[in-house]
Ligand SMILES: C[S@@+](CC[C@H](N)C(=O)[O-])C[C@H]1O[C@@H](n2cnc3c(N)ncnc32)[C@H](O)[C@@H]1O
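This document opens with one chain alone, in structure tokens, the form predicted alone.
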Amino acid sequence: MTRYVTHDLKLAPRPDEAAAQDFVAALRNHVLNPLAAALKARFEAEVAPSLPAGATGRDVHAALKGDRLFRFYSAARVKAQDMVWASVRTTVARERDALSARFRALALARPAGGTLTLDPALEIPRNVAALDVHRMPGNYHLDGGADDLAAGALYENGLSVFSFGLMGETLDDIGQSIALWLRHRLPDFAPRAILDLGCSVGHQTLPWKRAYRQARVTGLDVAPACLRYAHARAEALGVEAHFLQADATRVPLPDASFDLVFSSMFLHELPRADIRAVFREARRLLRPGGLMLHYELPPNAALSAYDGFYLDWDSHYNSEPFYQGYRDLVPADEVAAAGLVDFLEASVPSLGWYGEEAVIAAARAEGAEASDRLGRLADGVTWYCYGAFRGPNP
């Protein structure tokens, strides 16, 4: 399954390791498609009739906690999540030194002209340092010292297994889909500088450079090994991008220096106070007329009680404690409180699943269409994004 990692940092799993990865990917597909469908059918037939009008996702969770199928589904999904990382760890560990050598060669040659700026003095935020988010051993910030890429390799290769093809052939379907949507939604928008917050290995960063070739594109994260990997990955793919180790709540860059500030699946990993700090920082960093845009999970208010419960599963069982609290927020209210204007939101069809015409059609539509595919990693996924603009005033 690591076949979705095709650049010069790709691993060479042994036959038994590749077989394990294929098995885990198939298991996750089974859990998130037919098994999830069976759980929803059970809920609708046996649980929903007993719930009061106005029931919430929390009510659905409480009603299903003792259900055998829900417990089996949850156990299978947790085990499959742990197996994702186990299926690639051995290969990463065996090739760790070779990855470091490839990083040194790419960082020295810089064929695409990108840069990497690390800050050894940066304090890793507690919401990162104290957790193994997504149950990833050591979490994203784990660093073995100079030239180490292990956390980045573990994440990208794990994502290849985790997403069982739904993230596209180069694991960047979110960035590709939303960049294409934005080009057609705002055809006159021509950003000169783009910032990707919480970029991890840069897989959703690079589509922005491909979409807006005139722009300087910067990816920001707190995790040094992921950023080394992101830099080497971009160079290997021939895409100029610049990577910076910094905290998104206090970015060491000048006011009004970007036209687009983007993030992908980042905000729900933050406490509420940090989310609000990120929005204020985005406003500070944007030039007048610039756009803050986030790919994220849809808010609870936009979904049915069952679909809200289904997405909030991760908050309880997948080591993502801020997930549900984030989804309880109202995005339009939060961006307005940060001083941003002209809120927009959209359901963006997956480019890989639905094709270019569907994405362009979505760019002509208004608002986000709620569905049980919205923000849900399963067959037929539709990405949810929202944002707002910095007005002309200081």
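Values in this document were obtained by computation on a predicted structure and should not be read as measured data. Residue positions are given as counts along the sequence shown, with the first one as 1.
We do not show the form predicted together with this ligand, though everything after this point is about it.
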| item | value |
| --- | --- |
| Partner contact for Leu220 in the model of the complex: this ligand, 4.5 angstroms, heavy atom | yes |
| Ala153 within 4.5 Å of this ligand in the model of the complex, heavy atoms | no |
| Partner proximity in the model of the complex: Glu269 to this ligand, non-hydrogen atom cutoff 4.5 Å | yes |
| Contact flag, Ala98 vs this ligand in the model of the complex, heavy atom cut 4.5 Å | no |
| Heavy atom of each of Arg28, Ala75 and Asp132 within 4.5 Å of this ligand in the model of the complex | no |
| Residue stretch of 183-191, 80-88, 244-252, 112-120 approaching this ligand in the model of the complex, non-hydrogen atom distance within 4.5 Å | 244-252 |
| Option touching this ligand, based on a heavy atom within 4.5 Å in the model of the complex, out of Ala211, Val239, Ala215, Val128 | Val128 |
| Contact assignment for this ligand in the model of the complex, among Val261, Cys199, Ala234, Leu149, heavy atom within 4.5 Å | Cys199 |
